[in-house]
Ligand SMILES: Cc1cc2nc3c(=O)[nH]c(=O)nc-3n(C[C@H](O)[C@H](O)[C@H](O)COP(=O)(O)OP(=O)(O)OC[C@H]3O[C@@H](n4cnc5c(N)ncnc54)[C@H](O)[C@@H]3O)c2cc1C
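There is one chain below, alone, in structure tokens, taken in the form predicted on its own.
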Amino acid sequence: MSKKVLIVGGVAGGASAAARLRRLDEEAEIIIFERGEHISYANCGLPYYVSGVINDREALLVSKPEAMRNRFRIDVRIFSEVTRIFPEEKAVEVQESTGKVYRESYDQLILSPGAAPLRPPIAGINDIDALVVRNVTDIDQIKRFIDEQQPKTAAVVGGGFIGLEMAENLHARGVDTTIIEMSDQVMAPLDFEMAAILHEHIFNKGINLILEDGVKSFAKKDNGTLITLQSGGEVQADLTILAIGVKPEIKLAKEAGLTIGELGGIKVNERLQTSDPNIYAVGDVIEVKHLVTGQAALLPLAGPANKQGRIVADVIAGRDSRYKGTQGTAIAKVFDLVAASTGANEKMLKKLGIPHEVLFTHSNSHAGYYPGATRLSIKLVFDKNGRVLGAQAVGAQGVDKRIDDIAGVIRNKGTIYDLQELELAYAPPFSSAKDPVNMAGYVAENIINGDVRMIHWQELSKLKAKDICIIDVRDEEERRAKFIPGSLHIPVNDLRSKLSELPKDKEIVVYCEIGLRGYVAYRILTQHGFTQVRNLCGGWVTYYPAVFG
């Protein structure tokens, strides 16, 4: 007897589930309900349509309703919103854009409604034309506004992935853009010192970046918007984009009595079943298990949503398929830089009280002697046994490759020793014989073995210069640019001849540009009887943007 499967939402997880189920079951009756006009569109590519980087609108439409019907014999009903679920009757209520309302029965129901952009109760928010970026219709509206109104200024409220991508693409259209972020940093999956690298870059690109200052109110003014900040400052914009974040669309599930998790997403098991075994849920609407911490998490990402859709189809088709968790691997282009993360960040581990170690490396993206190498900064988070818990990377080249390498190790519960042993593709235009991923593993081993004791920028910035001896072991030219106030200057090559001048009753902190010469200095000092020595982790390149940026 053939199954009847209804799917609420035709993007990412919903479309993936439908196509996979048809490949597994030619007889199943499959119906997708999509309240909008489009299914399976490239929502991650929407900001790039604004600037013209993606100039063909049709390229954003990964699959169209007629294509799903023709290839997969799937009944796709657009402009059809599921408004109620009747679990006892195994039926849903559907309202079409024409106003027609009807019921449709099911054997299994898959919920994939996604997450909606947040519109917090800020004074005046409903009085202005604040636009959001969720679907093709939204981006059409933004592009049409820019093309027709030719705005001179724009304000993007929110410094997450979408906010930064929109700011970049608005700037590319010649619009003077301001980013307003309530937190002290952009891109929340990064830890502060890694985001600080982006802050400097964003400022240098001519974007007005406002941090640690939320919106107090919105008001219409001169065909635009006057934004009053919590600090009392004001920003006037011809175009306002809300990119504050998203919230799972749980209304249907909640009204149907399905269990909602503490974080506000639908609770599901490993088979992605809800509290009703005939109802499944996938994508941005569900709470997932974080692969590293084991805790519930909301991680709205396209990759996991598509994987979940495939797993649900397997389960409905009778296969023993399970979703093991999400590790939150994500990446974004920020002007000329790329920022990526995977696994747990340090903020998360501190909040959960999970012991950990961190390190920073700043390697070349490929062999330094081959033209065009740029800096690639990596933050690695690991435990005392060497298990890799998370990583972040910022750079102009090779970020995607390195974060994916580390993501694979995390997925398999690997260690820093796995990072060392990875045999990665090497030729001078692409990498170094010691790849940045290998280097991160080597530095981590030095920390675990006690071959070096680190001090981090937060700790050093709180210490008083009179209580410690800070030694800058860089060359004269590097020091002339900028240095830590109160530090002595002894280039690493001269250190052995200056040992008698250094105090043995004070803690000594050594630092260089990226940490490597600091490590050499540390080894020299500790083998000459200095017992209170620490190396500044990540050197000046980590310290400067985090403290002075």
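A residue's number is simply how far along the shown sequence it sits, counting from 1. Model, not experiment: these values are computed from the prediction.
Unshown form predicted together with the ligand; subsequent notes refer to it.
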{"property": "Option from 382-390, 77-85, 269-277, 336-344 whose residues, in the model of the complex, bring a heavy atom within 4.5 Å of the ligand", "result": "77-85"}
{"property": "4.5 Å heavy atom contact with the ligand in the model of the complex for all of Gly52, Glu168 and Gly395", "result": "no"}
{"property": "Contacting member of Ala67, Val520, Cys44, Leu502, with respect to the ligand in the model of the complex [4.5 Å, heavy atom]", "result": "Cys44"}
{"property": "Proximity to the ligand in the model of the complex, single hit among Gly233, Gly303, Gly174, Pro428 (heavy atom within 4.5 Å)", "result": "Gly303"}
{"property": "Contact label in the model of the complex: Val282 to the ligand, heavy atom within 4.5 Å", "result": "yes"}
{"property": "Non-hydrogen atom contact Pro113 with the ligand in the model of the complex at 4.5 angstroms", "result": "yes"}
{"property": "Contact test in the model of the complex: Ala154 vs the ligand, heavy atoms, 4.5 Å", "result": "no"}
{"property": "Partner contact for Arg134 in the model of the complex: the ligand, 4.5 angstroms, heavy atom", "result": "yes"}
{"property": "Residues of stretch 4-42 in contact with the ligand in the model of the complex (4.5 Å, non-hydrogen atom)", "result": "Val8, Gly9, Gly10, Val11, Ala12, Gly13, Gly14, Phe33, Glu34, Arg35, Gly36, Tyr41"}
